[in-house]
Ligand SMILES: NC(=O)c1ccc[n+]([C@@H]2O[C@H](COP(=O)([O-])OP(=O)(O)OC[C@H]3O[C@@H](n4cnc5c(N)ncnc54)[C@H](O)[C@@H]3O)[C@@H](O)[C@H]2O)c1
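Below sits a lone chain in C-alpha cells, taken as the form predicted alone.
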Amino acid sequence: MTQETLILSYHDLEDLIEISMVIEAVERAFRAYEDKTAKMPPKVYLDLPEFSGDFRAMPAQIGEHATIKWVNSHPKNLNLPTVMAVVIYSDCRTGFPLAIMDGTLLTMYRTGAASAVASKYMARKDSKTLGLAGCGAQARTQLLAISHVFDLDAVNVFDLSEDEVRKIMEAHPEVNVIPAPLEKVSACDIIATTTPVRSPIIKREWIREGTHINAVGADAPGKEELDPAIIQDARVVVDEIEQASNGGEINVPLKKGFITRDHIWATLGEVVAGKKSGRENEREITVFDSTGLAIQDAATAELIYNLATKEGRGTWMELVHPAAVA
C-alpha cells in the first residue's frame, strides 16, 4: 500500500495558523518537556564562518510524532531571509515522513509564542507598553504574540533600517507603533530584543524597576544584546540551561565571569509547570533567555499538520516508495 507525504509551502501556511493556537501549543510543549513526556537532544551547529553563517539541526519528539528542523542563520543576507528552515514531521511508530513543511514561518511564530508564554508568567500583569529592539521578521511575531496576551497602549520600536520600521508599522495598523531611540524602547514594561549583535545595545541604566525582557537575538556563542549588569540584577529564566549557557544571552556573561550558572533561577518549563515562580514582586527585573527549542518546533509542526490535513492544504507526494524497502 502506497503512503504519501504532505508537502507544505510557505503559502500553504501563511493564513493557516493563528498565534493563539501556537501560544497554547508552545506552552504545552514546555510543560511536557519539564514533565519528561517530550524528548529533545542538544541542538547541533554547523558553523560556517567563511560564509558568515551557520546551520542548526534540531530534533525533538512529543507523543507519537517527531520532528527535525534544518535551519540556517545568515545575518548578511540581502535578497533572502536571515533565517530559513525546513521541518520534517514523522510518525514515531513507523518512522514514515508524514510531512515536509516550510519552517521559516513556523520558526517565527513559535519564537514569538515562547516570548508570549514567558511574558504571561514573568511580566507584570499591568504591563501596557512593549519595546522592540530590532524590527525584522522576528520582531513582527513578537509583537503579534505579546499583544495577544497583553492589552498594549503603545509599542516603541527601533531599527537601524527605516524601511524595517515602516514595515512593522504597516503590518500592525491596529497597534500604536512609535519609532523611538533605544533608550525609550528600553523604558517599556516589556522588551523584546531580536538583533544579531555581538556587543550589548541595551544599557542597564535605561531599564526601570519591574521590567520584563525577552532576549531573543542571542542564539549562538559570542552573541549578546544586553548589558551584563542587567543579567546580574535580574531574575533569569532560560528555555534550556545547556543551550542558553552555550549560545544564549547568558553565554558571554558566563564566559566572562559576570555570573555563574547558580544565577539562573529556572527554566521556562519549571515556571509553566508551577515549580518555580516567574516573578516575586512588582519591582524586580526579569529576563527570559530565548534560544529556541526543538520542542517548540515539534508542537507547532503537529498543529500545522493537523490543520493542513483538515483544510486540504498542501500537495501529497509519494516521497518514499514501498519498492525501496529491502
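All values reported here derive from a predicted model rather than from experimental measurement. In this text, residue numbers run from 1 along the sequence as written.
Absent from the display: the form predicted in complex with the named molecule. The rest refers to it.
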| property | result |
| --- | --- |
| Interface membership of T67, the named molecule in the predicted complex, 4.5 Å heavy atom rule | no |
| The named molecule contact in the predicted complex: S127, any heavy atom under 4.5 Å | no |
| Partner contact for G134 in the predicted complex: the named molecule, 4.5 angstroms, heavy atom | yes |
| Exercise: S73 in contact with the named molecule in the predicted complex, heavy atom 4.5 Å | yes |
| Proximity to the named molecule in the predicted complex, single hit among T94, N176, Q232, S161 (heavy atom within 4.5 Å) | S161 |
| Heavy atom within 4.5 Å of the named molecule in the predicted complex - the one residue of N251, N156, T211, T195 that qualifies | T195 |
| Segment assignment from 161-169, 94-102, 184-192, 144-152: heavy atom within 4.5 Å of the named molecule in the predicted complex | 161-169 |
| Contacts with the named molecule in the predicted complex - residues in 270-293 whose heavy atoms fall within 4.5 Å | S290, T291, G292 |
